[in-house]
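The form predicted on its own is given below as one chain in structure tokens.
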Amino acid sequence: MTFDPETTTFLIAGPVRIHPRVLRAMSMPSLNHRGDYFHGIVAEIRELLPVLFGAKGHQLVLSGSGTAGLEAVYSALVPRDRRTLVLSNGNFGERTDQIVRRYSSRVTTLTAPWGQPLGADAVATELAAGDVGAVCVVHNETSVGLANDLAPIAAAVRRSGALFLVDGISAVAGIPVDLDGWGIDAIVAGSQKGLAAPAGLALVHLSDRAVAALHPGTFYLDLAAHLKSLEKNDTPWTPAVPLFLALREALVLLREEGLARRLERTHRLADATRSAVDALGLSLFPDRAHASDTVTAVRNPDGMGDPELRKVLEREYNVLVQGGQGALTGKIFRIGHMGIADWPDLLVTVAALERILGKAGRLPAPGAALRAVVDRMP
């Protein structure tokens, strides 16, 4: 079978498969981004964003990927006269560290091995040392398929009085995020993950405390400028108009499904994927107790790297999953199951994996992985 991007079973860790309604929304002719029609679209998006975040607050859309949203938040909220504590246990934690160090010379980084959870006790100890004005953490580390437990970390941050700044790019609309209960001051979501919109927009939620603490950072991504423009349903600079149209439709789809139902479906798919991995005789990369619900990271079988596994999935079965990053390149593969991913996607992927491992003489029990998925279907 020849790989066909239009018909592929598409289960990478983001961008994810996009609904035809969302794709069609981008086909509208050019719009005046300073006209009443587009201002109406922005107004609708503002009304719909609480559906995505599960809470109300100061919410805005930036033209740029999730990393642009992170830069906007860190540049405007990382304190200049106090320490910033960065928590890192994966590729995107390291990216946070790199961005924050562009805007502060007073950075303390706490690390855990890739695939291992961050310890709340170590965070509390560092906060007790004093002079920490902000804590930055990745909620869901897609590079290793791990979700950090933010509740105990949030409690320590709240006691310290520091700002709590969260990379929620692959968490929002994929795993539960308690913005109010955890006292999150800023969180960034990516349009191309749990929301299942095209890549290219960053969605930001800010608390009242964060808005009061904003200071000038980058020019194009200035959060204060964007908030001021939003008062008139406008943007300070030219927005990515087609992506805003797609965003509106993706938010409508999420409202129709309901955030709770999307989170539940994503969790069930994740549970089925992990069970299938066990039945295939493979092992998860991260600590199982902290395995992500939006992406499952799996260790490659001994002697089988990307050419023997992931590339065969793509070339012979038209199934696309993602490889490892950095030091994990060629050592793991990652199955994304967020957004509008559903049971047929997972069944096709697991069947193809069974066939590949079976032909290599590496399948312990033919059919067991497929049964593991079917048994968990609603």
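The first residue of the sequence shown is number 1, and the count goes up from there. Note that the coordinates shown come from a computational prediction; the quantities given were computed from them, not determined experimentally.
As for the form predicted together with a small molecule, it is not shown, yet the points below apply to it.
Contact with the small molecule, judged by heavy atoms within 4.5 Å in the predicted bound form, is confined among 239-247, 167-175, 303-311, 210-218 to 167-175. When contacts are judged by a 4.5 Å heavy atom cut-off, Ser63 does not count as touching the small molecule in the predicted bound form.
Proximity of Gln59 to the small molecule in the predicted bound form: non-hydrogen atoms within 4.5 Å are absent; the residue sits far from the partner. Although the partner is absent here, Phe92 sits close enough that one of its heavy atoms falls within 4.5 Å of the small molecule in the predicted bound form. Interface membership of Lys193, defined by any non-hydrogen atom within 4.5 Å of the small molecule in the predicted bound form, is confirmed. Site annotation in the predicted bound form: the residue of Asn148, Thr142, Thr84, Thr235 reaching within 4.5 Å of the small molecule with a heavy atom is Thr142. The single contact residue among Leu353, Leu52, Leu70, Val319, judged by any heavy atom lying within 4.5 Å of the small molecule in the predicted bound form, is Leu70.
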